[in-house]
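Consider the single chain below, provided in structure tokens and representing the form predicted on its own.
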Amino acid sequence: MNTRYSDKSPLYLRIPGIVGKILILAAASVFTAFPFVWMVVSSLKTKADILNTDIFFPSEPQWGNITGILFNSPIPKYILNSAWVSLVIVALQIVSGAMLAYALVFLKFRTRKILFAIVMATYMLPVAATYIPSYIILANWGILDSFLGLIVSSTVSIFGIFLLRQGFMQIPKGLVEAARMDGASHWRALWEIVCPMTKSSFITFGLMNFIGTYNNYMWPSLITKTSDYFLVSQGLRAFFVRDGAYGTEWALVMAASAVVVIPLLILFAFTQKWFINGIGGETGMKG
């Protein structure tokens, strides 16, 4: 395509477009990153500095805010609770979602389309509508106020089933059929053929659900009352609201919030390539 705006155009004709894109991306980046930067900067301020709107940077960095949160507060414990509960939940969601998605794509049975319609119909239900029946079930099983209750109640992800199904549909069914003819079981075909070819979808699903579970507040706050089982969002609220003095110490609030975000930033830094590929629909297939 030979137009004056194509990549083959002279550089001087493309400079305005390049500059415009850079300015738009820079503006978007500033608006996106500013809340996080403000939070980190505020975590190093005194309470007086935070309330003073005439200054942005701290007059003297208060590193004691960070060390106090790390070594003299229950925040690290809440982070560990959220991290390992989220890992277990995501692992179970990946297994259950992959198996159902595999059945919907590669197994032939009459009610396959009806089953998928039912699964997707449940996704349209407001999450709050499931709280009461889920609470009653967990109460009857005697696993309220426990990590087991948090995990069992989140074993299946409808979003994950849909995302993995979309990825599996990009794989030629002939590959799975050939593996089955060679004696591979469905389980082996799923994890040794389908899974490696849709790695980006799995990582995208795992990362998004891990973040959602890690930051979840409403459901954990309904079924857990003991501080030993608090996740970070509930733990932050309990720490700063119930311990009255901390409720007004905004520097500590910002420091704790910054510490809580660090595991998510590290996780995204190591998985961003696959996450972006998964969002873009890459499944490992070459055209």
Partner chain sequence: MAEIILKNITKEYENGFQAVKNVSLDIKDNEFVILVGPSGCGKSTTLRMIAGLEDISDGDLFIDGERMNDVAPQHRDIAMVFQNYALYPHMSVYQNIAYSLKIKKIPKSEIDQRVHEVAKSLGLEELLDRKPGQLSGGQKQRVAMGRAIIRHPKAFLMDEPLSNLDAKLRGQMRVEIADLYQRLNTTFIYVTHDQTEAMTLGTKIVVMKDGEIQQIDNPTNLFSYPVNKFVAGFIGTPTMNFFEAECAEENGLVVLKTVAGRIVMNDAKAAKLREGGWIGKKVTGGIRPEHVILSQDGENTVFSGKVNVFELLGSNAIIYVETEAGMIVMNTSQVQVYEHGDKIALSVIADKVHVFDPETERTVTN
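None of these values were measured; they are calculated from a predicted model. Positions refer to the first chain, counted from 1.
Just so you know, the form predicted together with its partner chain exists too; it's not on screen, but the next bit is about it.
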| field | Stretch from 74-82, 196-204, 142-150, 160-168 whose residues place a heavy atom within 4.5 Å of its partner chain in the predicted complex | value | 196-204
| Can any non-hydrogen atom of A117 be found within 4.5 angstroms of its partner chain in the predicted complex? | no
| field | its partner chain contact at L87 in the predicted complex, heavy atom, 4.5 Å | value | no
| Closest heavy atom of L175 to its partner chain in the predicted complex, within 4.5 Å or not? | yes
| Wondering, does A184 line up within 4.5 Å of its partner chain in the predicted complex on heavy atoms? | yes
